[in-house]
Structure formats: structure tokens, C-alpha cells
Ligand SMILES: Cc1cc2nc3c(=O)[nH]c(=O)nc-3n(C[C@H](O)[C@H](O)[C@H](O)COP(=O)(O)OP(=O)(O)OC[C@H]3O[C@@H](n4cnc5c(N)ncnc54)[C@H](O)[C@@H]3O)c2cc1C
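Listed next as C-alpha cells is one chain, alone, in the form predicted on its own.
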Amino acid sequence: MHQSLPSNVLTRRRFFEQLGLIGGASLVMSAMSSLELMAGQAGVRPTLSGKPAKSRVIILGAGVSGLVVAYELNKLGYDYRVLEARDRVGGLNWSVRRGTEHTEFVDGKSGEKQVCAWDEGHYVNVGPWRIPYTHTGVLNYCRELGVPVQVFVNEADNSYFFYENNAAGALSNKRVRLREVKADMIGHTNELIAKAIDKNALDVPLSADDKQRFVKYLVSQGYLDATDHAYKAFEFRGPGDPYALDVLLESGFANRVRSIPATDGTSAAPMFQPVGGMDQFPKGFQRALPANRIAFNAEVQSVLQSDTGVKVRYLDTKSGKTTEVEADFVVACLPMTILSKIEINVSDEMKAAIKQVTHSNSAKMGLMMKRRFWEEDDHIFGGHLYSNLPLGEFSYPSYDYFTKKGVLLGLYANGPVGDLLDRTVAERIEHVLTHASKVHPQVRQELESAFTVFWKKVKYSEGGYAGGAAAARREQLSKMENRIVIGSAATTPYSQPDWQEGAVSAGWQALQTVHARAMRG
């Protein structure tokens, strides 16, 4: 007598029913991940014309959005000026290299100071560091500005999984190659399918010839034995026997494997990076603008508007001199953490929206290594370590392959980082070395020096990307109030968190708003 099995028992037929759903489910998961990380391209670049009678514009901040506004206003013939509190362009777009100095800013006071002593040519991007190919706003500007780009290797099959404690079941506390996980999951799956076809156990409308062709594909794609269709160890997988299917499923490692990469978000491919560091992107804008249009070391103190114009007062942090300049309009491209502290006469609703914006606890650490041991010893070229170690993301450089030295990204945290924010630089470095050594024991011996940036302690930033996705807040921040409009990435829905594509979008949005207002007179 036939008895139905409990619904929680995974029979072969139920397995294949679920297998048939994998494509849809993975696409939904990818879409959800992408929406959480960013919402797409910057949109269509505005095509504007005409020069208004009153065309004096002051842009607050020389980050990516401010530079986009300046570049486009320059082409329209506006009389504009950019006020930047730092001594460089880029804002969050910052590449640390030899000679870079950074003094942490804590409760309004200067804290610990670092000076980068790495060899010339080496760098780490402590802000944005990769550009998905769908970010055409950024990439088209790179093309237009003559900023060369190269491929960013976002996934390398020789990278390791390493999960501590019992987080990965039988595969916990051991290094497992991504290529091994891919090979074994595909191999085991194809073996199951091939054997099911051999036994006519699948209700699939395939002809005899189709079945033969399909099995041939499965054998080839999964490296199965051509005779018995069994999955076994093979040369390109790497040394050792395959991991059992149940062990792989328990580990969760296979959730990293996709049939094709996403088009957006942190798992997109291909990705790109400017040659020589991400800061080459904002420097491209800087080169395209007249030198006298950007005032550096200009710390804005107040922005006061009237019916006839706007007065901006700023402090030259080098000379100590306070200057007041006038304009017809102001585009504020500052982080909301900074804008909220400036005297500015906008509505109470706008002030409240500005203060409501939170900024991330983003942090990065570059590790200058005497030897590229990840290439020489582990044959890893780009990509990341996949782990549950308290490092956020640990990654390998996608440039200068086969040279002597290199810079690892030892820490990339985009959220809570324990108490590291309150630790000394030396203690943060020790934290990274302690945990990274569990995967790469060479890291401590090969370390030459490190550089750490916690954006909450960076003056004129006080946080990383803007958080939250409140539509009402974005709508409020996007409004032009008389002669002032906000142009930071927090104003657009095209990026969450605020990738550079979001900054480009914000620049375009503010540009169109201020130009339309100026043309009305």
C-alpha cells in the first residue's frame, strides 16, 4: 500500500521540484539584494541650454555631486565658485597613498594622526572602490574626462570561505576554495539530474535524442564521469576529494554561487576602477575646470538668503581669515551631518529633514604588504575573502599583479564595528591581524604598515554614506527653497547606500533645479 511521505522529507522528486524553482528564487533574491544596496542607474543626463541674466552660483562641497554641478554649469557659462573645506576634491571619494595625512576628529577636537609611508604607486580606496558596468553616469564621465579605467576583479575562484565556530557545520574553521564549492555543487547537482534522466524518473517532455544531448551537457558542465555519470575529483577543481552534498548544503557556502552575476550592487560584474585610484575620477573633473573656480580650505560657516541673493561666509582654515561672498543661488553638496551644523535660513521642515539623515559607520583599513603572498602562495588574484570574521570584507587588489608589494583591504565595515571606533589605531590594526591570520598566517610577518579610516572620525564628513530611504525625506530635501537647493546624494532615490552613481544623479537633479529657477529670473 502506498503511503505519502511527510512534507518535510526531501524525496528525489521534491528535490527536482525545488530545483526547478531555483532560477526564479535566485533572481528574486538578487533583485532584493540589489534594491537594498542601490536602486539603479543615475538616469538620463540632462540636456540644458541658455544662460540666465543672474548666473552667479556658489557650490558648497567639491565631492562628486558638487563637481558634477560645477562641470555642467561651466559648460553653460555660469559664474560659479566651489567652496571646499578640505585641501582636495572628492569628498568620500578618497584614495590614501604615500604622503596622505589623516588626523581623526573626535567631539570637535583633533585626535590621533596617521601619515601614509607606503611606496609610491600603492594606494587603498577608503571610500568608493568599484564601479558596476551599469553605472553609466560615472563611467561616461570617466570617458569624457579622459580618466582611464581597468577591470576590478570582484570574484576570484581561488578565494577562500572561512567561517568560525560552527557557522558552516562540518566545513567550519577550515579554508574552502570558492572553486571547490562551485565545482562540487554543480557536479553533485548534475549527477543527480543525469542519473534521474537515465532512470526515466523525471517527468520532462524530452525526446530520446534530447535526453541524450541534455545528459551530454550535464556531463560536460559538471565534470561527470562519462560512463557512470558519477561526480568525482577532477584536475581543475583543485586537490582533494569533493565535499559531500549534504555538507555543502549545511555550510551555506553554495548560496554565494550564481548562474550569472548581478548587474547592480556589490556582486555585480563586470566592475571597473580608475587606473591609479578612485580619486582619479574627481581629479578628472578638477582638471577640466578653471583652477580659480575651486577654493580649498574654505570652511562654510553660514548661508543666508534673501529675496535678492545669498551671502555665504566661510573661514580660510590656513590663514584664519573670514570671507563673505555673494551669489544669486547656492547648491549645497555637503554631507547632511555637516550641513545640519551650519547657520542656514531654510524652512523648519527642511532643517528637520536635514537633521533626520543618518550617516553610516563605514570604515576601511589598508595593509601594505612586503610580499604579495596571496598571489605567490595562494594563487588569488583579486576578489574577496568570504567569512564571518569581524572584518566586514577582506579583499585583494586588482592591479599591479606579479609585482613585489601590494595593499590588502584588511577591513571594510559598513555598519556596527564593535568598539573599534573607540580603539587606537594600533589596536584596530591588531584586531585585523588577529583575525586575518586565521586565513592568511603570513599577514602578520609580511605587514609593512597600515592606514585606517573610520568615517565617523573624518572631519567635514562625520560619517559615510547617507542611510535610510524615506521617500518623504528625499522629497523634502530635493525642494528648492527660494535660492538654495541641496545637491548631496541623500536627495536621490538612485542609490542606497550612496554609490557615486547616486552623487552623479544628485548633481544632475540639483543642476536642473537651479537652472530652471535661474532662467525664471
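Quick caveat: nothing in here was measured; it's all calculated off a predicted structure. Numbering starts at 1 and follows the sequence shown.
Not pictured, yet referred to below: the form predicted together with the ligand.
At a distance of at most 4.5 angstroms from the ligand in the predicted complex, none of the three residues Val124, Pro397 and Leu408 contributes a non-hydrogen atom. Among Gln273, Ser95, Ser362, Ser159, the residue placing a heavy atom within 4.5 Å of the ligand in the predicted complex is Ser362. With the partner removed from view, the residue among Val147, Leu218, Ile342, Leu389 that has a non-hydrogen atom within 4.5 Å of the ligand in the predicted complex turns out to be Ile342. Checking 332-340, 207-215, 249-257, 365-373 against the ligand in the predicted complex, the stretch whose residues place heavy atoms within 4.5 Å of it is 332-340.
The ligand is not drawn, but in the predicted complex it has a heavy atom within 4.5 Å of Ala298. Among residues of the shown chain, Ile486 is not one whose heavy atoms approach the ligand to within 4.5 Å in the predicted complex.
Though the partner is left out of this view, Arg86 does reach within 4.5 Å of the ligand in the predicted complex, counting heavy atoms only. Among heavy atoms of Tyr465, some come within 4.5 Å of the ligand in the predicted complex. Taking a 4.5 Å heavy atom cutoff to the ligand in the predicted complex, the contacting residues in 53-67 are Gly61, Ala62, Gly63, Val64, Ser65, Gly66.
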